[in-house]
Each structure stands twice: as C-alpha cells, then as structure tokens.
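For reference, the chain that follows is the form predicted on its own, supplied as structure tokens.
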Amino acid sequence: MGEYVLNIAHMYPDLLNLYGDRGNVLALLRRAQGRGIEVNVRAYSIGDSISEKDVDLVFIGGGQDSEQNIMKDDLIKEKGPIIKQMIEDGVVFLCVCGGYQMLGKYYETYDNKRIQCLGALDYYTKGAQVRFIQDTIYEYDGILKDGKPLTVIGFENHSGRTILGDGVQPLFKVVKGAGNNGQDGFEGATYKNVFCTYSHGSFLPKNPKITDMLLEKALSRKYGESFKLLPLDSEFETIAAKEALKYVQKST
C-alpha cells in the first residue's frame, strides 16, 4: 500500500455513462497514480450499500431519462441519507448533467410533470423542448492563471434549465454556451466540496487543473490541510485543451 490512498466511488456506472463520462474517473485515476497515489475505484449500483468511511471522492455521471428513472428510487430512498450526510461532512463530489440534476430538489418536464429528486442541494430544473447542444467555454475564478480566472473547456447537451437557490453558488461563468439555463450567464453549481456541471465529453481530461483541484481537496480532507499534490506533467492535456479551445473559438 502506498503512503496515500484515494477511494473513488463511481455511482451507477452501468446506467449513468453518457458521452464518455467514465473518462472523468479515468482522469482522476491516472493523475493520482502519476504521483504515486494508490487509487481504488469501486462501482456502486442499485442495491449496493455505501459508507462514508470507504469513500474519499464520489462521481455521478449523466444518463437518459429511462436510465435515471431506473436508479432514482435507489438513490433517493436507499443511498439518499448517507449521500446527504457525506455532502454535509465535506466529501468531494463531481456530478455531471443528470447526476447534477438529481442532487437538486426536483426536475419538472416541459409538460409539467414533476419528478422529485434527492433534495441534497437547493436548486431545481425545468425541462424545455429545445436542447442546448454545443461546445462551451467557461471561466473558473477558483483557480487563477496569471492573475486571471482559469479557462475551462466543455460540451453541453441538455434540455433542462437549472435555477440555483440559497446557499448554492454557480461553478463557472459562461464565455460561450448556454450554461445552467441560457439566461443568467452561469454554469454548474458548487456547495461545500460538491462540484456540479453540465459538461460532458468527457470533462476532466481536457481540464487537468480542475482534476488536480478535486484530487487535492479529497486528499487534504483525508490527510490534513497541509497535503499538497506533487507537480505532474500536463503536456498532453494542455495540448488537447488548447486544440479544443481553438476549435470552439473558430466555431463561434
């Protein structure tokens, strides 16, 4: 066993894995292993019990409505109480699209059918007939580069319009794209150590600084605030991000 061990919970990977969302877990795995950190990835699906002591970082991806309906009761009724406690205790979460929506209060379809969600965070989502489908550019002021907010690359494909409530802050500022609802200029949500985004594609491989931020938050929570990640080469990720940025800017 290495000096440091990271336990990642991949929630419902058999049901929630749209548009390469599994790549987020692989990015976390590789960038942790590149620093000599031992990583255990465990899949949790319907009927599996989860305990906070076994988890340092949780990933919830996106899925089609039919797949989300299959696992919704398990998430809310079986795993809901412990997930809510984990959130309040500061466990690190990354939630993408459907996973993002399901942590909120409810999802209301465009024909006014309300689907109750976990209610762990104060926001709700309303569906629309027109989807937001495009490459995106965001700014993240939680990480500064040369004194400026970090540029973040993503891809959105969602019909939901998410409205944030009390105590929940937007994760990114939209430079290009629709974001949460196409109106307020923000994307995603953050609360304590929960980070939610609509970005598929997959998100983390193109954004290594976000990947490292999540790793450092999870490991510093476990091993103490003095924990810092060792430097790691990001040449390929940086090249991929620059090329993606060029492509998005040309298509603007």
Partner chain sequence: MASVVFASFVAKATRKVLRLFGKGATTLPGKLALKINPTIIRKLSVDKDIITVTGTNGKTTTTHMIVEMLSNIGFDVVTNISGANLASGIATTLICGGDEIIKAQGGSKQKTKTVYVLETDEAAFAKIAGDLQPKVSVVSNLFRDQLDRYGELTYTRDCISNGIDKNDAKLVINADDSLVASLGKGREGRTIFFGMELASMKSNNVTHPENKGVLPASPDAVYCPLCNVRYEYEARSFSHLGAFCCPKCGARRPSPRFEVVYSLSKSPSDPDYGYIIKDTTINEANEMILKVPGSHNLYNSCAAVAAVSAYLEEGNDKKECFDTACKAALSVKAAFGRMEKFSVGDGNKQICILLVKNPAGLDRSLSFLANAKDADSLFFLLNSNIADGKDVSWIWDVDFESKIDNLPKRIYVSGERWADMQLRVHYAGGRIDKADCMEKAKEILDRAIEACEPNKCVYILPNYTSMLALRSILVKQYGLKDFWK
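The structure presented is a predicted model; accordingly, all values stated were derived computationally and were not measured. Numbering follows the first chain given and starts at 1.
One more form of this protein exists, namely the form predicted in complex with the partner chain; it is left out here, but the text below deals with it.
Q: Is it the case in the model of the complex that 23, 30 and 157 each bring at least one heavy atom within 4.5 Å of the partner chain?
A: Yes, the whole trio is in contact, each within 4.5 Å by some heavy atom.
Q: Looking in the model of the complex, any heavy atom of residue 135 within 4.5 Å of the partner chain?
A: Heavy-atom contact with the partner chain at 4.5 Å: present for residue 135.
Q: Is residue 202 part of the interface with the partner chain in the model of the complex - any heavy atom within 4.5 Å?
A: So residue 202 counts as contacting the partner chain.
Q: With a cut-off of 4.5 Å between heavy atoms, is residue 229 one of the residues that contacts the partner chain in the model of the complex?
A: Residue-level check for residue 229: no, no contact with the partner chain.
Q: Contact between residue 52 and the partner chain in the model of the complex at 4.5 Å, heavy atoms?
A: Answer no; every heavy atom of residue 52 is more than 4.5 Å from the partner chain in the model of the complex.
Q: Within 4.5 Å, heavy atoms only, one stretch in 113-121, 165-173, 143-151, 68-76 touches the partner chain in the model of the complex. Which?
A: Comparing against the partner chain in the model of the complex, the contact stretch is 68-76.
Q: Listed by sequence position, which residues of 224-243 have a non-hydrogen atom within 4.5 angstroms of the partner chain in the model of the complex?
A: The stretch 224-243, when checked against the partner chain in the model of the complex, contributes 236, 237, 239, 240, 243 at the 4.5 Å heavy-atom cut-off.
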